[in-house]
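One chain follows as structure tokens, the form predicted on its own.
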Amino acid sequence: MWARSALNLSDLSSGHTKAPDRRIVRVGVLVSGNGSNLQSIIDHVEAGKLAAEVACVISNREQAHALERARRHSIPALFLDYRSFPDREAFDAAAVDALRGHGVELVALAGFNRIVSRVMLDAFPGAILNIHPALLPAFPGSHAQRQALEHGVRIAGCTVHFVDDGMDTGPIIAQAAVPVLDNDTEETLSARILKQEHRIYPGAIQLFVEGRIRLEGRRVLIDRDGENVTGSLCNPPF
């Protein structure tokens, strides 16, 4: 049985996130690399499809292209050198200070290659999301697309989930599936999954913003306003 207190998600279990009373939620994005998911979030905000503001971007890598993406959109971009901190907790404490200094309410991990500590989890209870390039709980951790190919799955995909103490183990908010083709490489499968990441991550953030998420045990339930979701993906098709 999943312990709700591990994530401090009492606000979610009682019905809604902390966000519904606000039209715009300030989001802090943690990145380590290229930042294509960051760009997707920015693009959705600027197109009026996401009622959020990217308040700041923080990276543990100075040369991360994501920082340049942020600067191009006049978003505060901060490099925190993890090597200058004695441990994960000290790094996270500095990141929390920066996030709070920019009024961040929701933290989005977007290709962030560090496991967050209890310092970060306690600072933003129930308000840290992550995107992972696999259909969790299958293939957590690094090189998920390679793991999927080596395992021989016929359907792969991506997952948006709440962050908890584990490695990609938090409650699942949204998933998208893609077929695995016989001639797929890690690169081609990754590219196909990435397109879906760019679609579902902003969508999951918008669900948070609208207060349409609640928890029952480990299950994240979504208020769909009567929407009936049907259909399936079968590979090979029959």
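Treat the numbers as computed from the prediction; the structure is a model and nothing was measured. We number the residues from 1 along the sequence you see.
Missing here is the form predicted in complex with a small molecule; even so, the following discussion is about that form.
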(request) Scan 95, 163, 131, 148 and let me know which has any heavy atom within 4.5 Å of the small molecule in the predicted bound form. (result) 131
(message) Even though the partner isn't displayed, in the predicted bound form is residue 176 close enough to the small molecule, meaning a heavy atom within 4.5 Å?
(response) no
(request) Considering only heavy atoms, tell me if residue 35 and the small molecule come within 4.5 Å of each other in the predicted bound form. (result) yes
(request) Decide whether residue 194 counts as a contact residue for the small molecule in the predicted bound form under a heavy atom distance cut-off of 4.5 Å. (result) yes
(request) Indicate whether the small molecule has at least one heavy atom within 4.5 Å of a heavy atom of residue 126 in the predicted bound form. (result) no
(request) Name the stretch: of 131-139, 87-95, 100-108, 115-123, exactly one has residues whose heavy atoms fall within 4.5 Å of the small molecule in the predicted bound form. (result) 131-139
